[in-house]
Ligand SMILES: NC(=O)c1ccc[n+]([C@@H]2O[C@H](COP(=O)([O-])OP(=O)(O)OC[C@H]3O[C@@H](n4cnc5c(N)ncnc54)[C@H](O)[C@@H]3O)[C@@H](O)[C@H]2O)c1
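There is one chain below, alone, in structure tokens, taken in the form predicted on its own.
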């Protein structure tokens, strides 16, 4: 494929504008149409891209036979319908997280993409983050030893959603990241949360993932918090690691800390001793994860090799979200994923 990939984007809201910016700057991409339901957004797009078709009807873009790929950044309730139509028309699809709201819908999209040999990619951006990729290298290289537990915090005092709760809005990032790092899907999940600002829309959620390996993971999400925190901590048998995405440069710290099991020769028993060593701050090249994600989608479209965040990856995360949602409605009762 020598010609540029012809791409349309459906949904150009707050996050959609970031996607459009990145796709527009890729040399092997030609954006050939935009769609958004907001008249104000459409008027702004017409001024910014006067040569591009801008419409409120996404079907006008999908009917264009020259279009190779479709980017979907609408509210999640519309993901399934638009993605299904695009795949059915032979288009490759990038859809923002969560992939769909129902497991049956996600399963159908996966089958459709596989049956039509189309690329289906889900916007799990953290799996393309250079610091997250480096963290997985440390885990797989045995640097941290056996992974005991993981916990992440994604909170701030920010935009209060009126449709998605804190679980559906924030947790997909951490769920996808943890599954990517551990190379293991959780067997069960327990979740609790509370709605303080708007009835029925939880502002805070606490999620615990249980893995068959014995590892557990905890995720705290909220938009009702005095601090902006984007931090992941991994505790292993050899070392411990922290990824702080708010840090502009020093995003990873590896702590040579742990507990050693040693023989107590005076009693012929065993005792535990604490170990405190150096702190390693590895150099991680600062790159915009969203740019990498967009590049990976176009690479998949052109090579026909599925990306790491394909439909199956999106489905795995959705299974956790749905189980967590059920658990939260039952005050933390564990549910299988």
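Residue numbers count along the first chain shown, from 1. Quantities reported herein were computed from a predicted structural model and do not represent experimental measurements.
The same protein also has a form predicted in complex with the named molecule, omitted here; what follows describes it.
| task | Check whether residue 82 has any heavy atom within 4.5 Å of a heavy atom of the named molecule in the model of the complex, and answer yes or no. | result | The answer is yes: residue 82 has a heavy atom within 4.5 Å of the named molecule.
| request: Give a yes or no for residue 295: in the model of the complex, does one of its heavy atoms lie within 4.5 Å of a heavy atom belonging to the named molecule? | output: Heavy-atom contact with the named molecule at 4.5 Å: absent for residue 295.
| query | Quick one: is residue 73 in contact with the named molecule in the model of the complex, heavy atoms, 4.5 Å cut-off? | reply | Because a heavy atom of residue 73 falls inside 4.5 Å of the named molecule in the model of the complex, the answer is yes.
| message | in the model of the complex, is there a heavy atom of the named molecule that lies within 4.5 Å of any heavy atom of residue 159, even though the partner is absent here? | response | Residue 159: contacts the named molecule in the model of the complex.
| task | Please determine, with the chain shown alone, which of 132-140, 73-81, 251-259, 222-230 has non-hydrogen atoms within 4.5 Å of the named molecule in the model of the complex. | result | One stretch meets the cut-off, namely 73-81.
| task | Work out which of 244, 108, 184, 96 lies within 4.5 Å of the named molecule in the model of the complex, going by heavy atoms. | result | It is 96 that has a heavy atom within 4.5 Å of the partner.
| Of the options 287, 38, 64, 48, which one has a non-hydrogen atom that comes within 4.5 Å of the named molecule in the model of the complex? | In short, 38.
| task | For the heavy atom contacts within 4.5 Å of the named molecule in the model of the complex, list the residues of 100-133 involved, in sequence order. | result | The stretch 100-133, when checked against the named molecule in the model of the complex, contributes 123, 125 at the 4.5 Å heavy-atom cut-off.
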